[in-house]
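Next up: just one chain, as structure tokens, the form predicted alone.
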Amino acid sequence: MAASSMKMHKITHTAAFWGFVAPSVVLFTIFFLIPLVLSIAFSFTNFDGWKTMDFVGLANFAELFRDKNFYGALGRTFVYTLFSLPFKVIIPLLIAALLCSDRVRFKSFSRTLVYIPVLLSSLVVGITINWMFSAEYGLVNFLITSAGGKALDWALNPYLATFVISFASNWASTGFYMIIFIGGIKSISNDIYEAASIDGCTSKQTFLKITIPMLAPTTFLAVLLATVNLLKEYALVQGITQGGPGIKTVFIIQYIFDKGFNSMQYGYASAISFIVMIIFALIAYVQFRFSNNGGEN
């Protein structure tokens, strides 16, 4: 009886496990695995999204490695990511540390204000940022001219346009990364801070010598998520610059979209997606290696 009861309990436990896991497995299969397999398959064809789908072997990849526009889009993506990444991590970290301080009042209200932009859609963020940085009626140029400066053509200068996209991305995501850092700070034992206070450590020393080192795993997570999100930035770019001026803010995801949906070169776009997926995976792997497997050691 005991053996039969144990066996029934094991079967019930296994059934419960798969009952909870099954929805995630089904969704993962439908929205990730199947599209991934189809994309890889299409990369070896000249599929145009409608009738044509002939096997062309490695022709798409050969064309890809000769495509100067591909390298340009990929290079702009890397530059944008390297420029924006420090702000994605440092600003939320400082805000989280500030809003965890005992000296700050109305913490919940302040955290809510910082987090609100995360709830906005990319369309709303794009409209708001376009209004702020409009050349003629924008708030930023109004403040600049009121201070005696000259209004800037934010949309016509590629560097300024990239800055505007980065500003919008950081503004819209600061609350998300702030919550991650707040969770990491709250997980640090108060005994450590009390010991540091007894030893005479200043707030600056405590932050630099205790908080930051002990947030290594949390910082790694924030850096990894921020890197991936920046590399695949799309909606904000479309909502703010649409790739302009010219193609100066066309990043790799916009380039893939253009080849697939505007030029009807689904096979070629799939080949680009496959190569880009490998590049992004290698970047994540390097981050894991350089961070001691995510800060575990």
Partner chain sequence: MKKAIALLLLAALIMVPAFAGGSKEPKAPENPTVLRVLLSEEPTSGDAFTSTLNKWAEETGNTVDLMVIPYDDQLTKFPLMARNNDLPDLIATTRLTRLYPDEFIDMTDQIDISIFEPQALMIIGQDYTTNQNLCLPYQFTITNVFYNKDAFEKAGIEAPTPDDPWTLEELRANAQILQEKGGVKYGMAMDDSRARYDNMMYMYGGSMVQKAGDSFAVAINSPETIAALTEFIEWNNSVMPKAIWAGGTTDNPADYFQNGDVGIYFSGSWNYNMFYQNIDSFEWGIMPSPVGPAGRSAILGGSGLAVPKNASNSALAIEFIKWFYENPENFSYFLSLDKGLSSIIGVTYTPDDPKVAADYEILQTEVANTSELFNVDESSSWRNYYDNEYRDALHQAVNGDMSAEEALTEFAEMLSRKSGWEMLY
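Numbering follows the first chain given and starts at 1. The term rigid core refers to the maximal set of C-alpha atoms that superpose within 1.5 Å between the two forms. Just so it is clear, the structure is predicted and the values come from calculations on it, not from any experiment.
The protein also exists as the form predicted together with its partner chain; that form is not presented, and the subsequent description refers to it.
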- Wondering, does Ala59 line up within 4.5 Å of its partner chain in the predicted bound form on heavy atoms? no
- Item | in the predicted bound form, Ser43 touching its partner chain (heavy atom, 4.5 Å) | no
- Query: Is there any non-hydrogen atom of Tyr285 lying within 4.5 Å of its partner chain in the predicted bound form?
  - Reply: no
- Message: Just checking whether Leu156 would be counted as a contact of its partner chain in the predicted bound form - the rule being heavy atoms within 4.5 angstroms.
- Response: yes
- Message: For the interface check, one of 84-92, 208-216, 191-199, 136-144 should have non-hydrogen atoms within 4.5 Å of its partner chain in the predicted bound form; which one?
- Response: 136-144
- Going through 41-68 from first to last, which residues have a non-hydrogen atom within 4.5 Å of its partner chain in the predicted bound form? Phe47, Gly49, Trp50, Lys51, Lys68
- Just checking, between the shown form and the other one and with the core aligned, does Tyr285 shift 2 Å or more at the CA? no
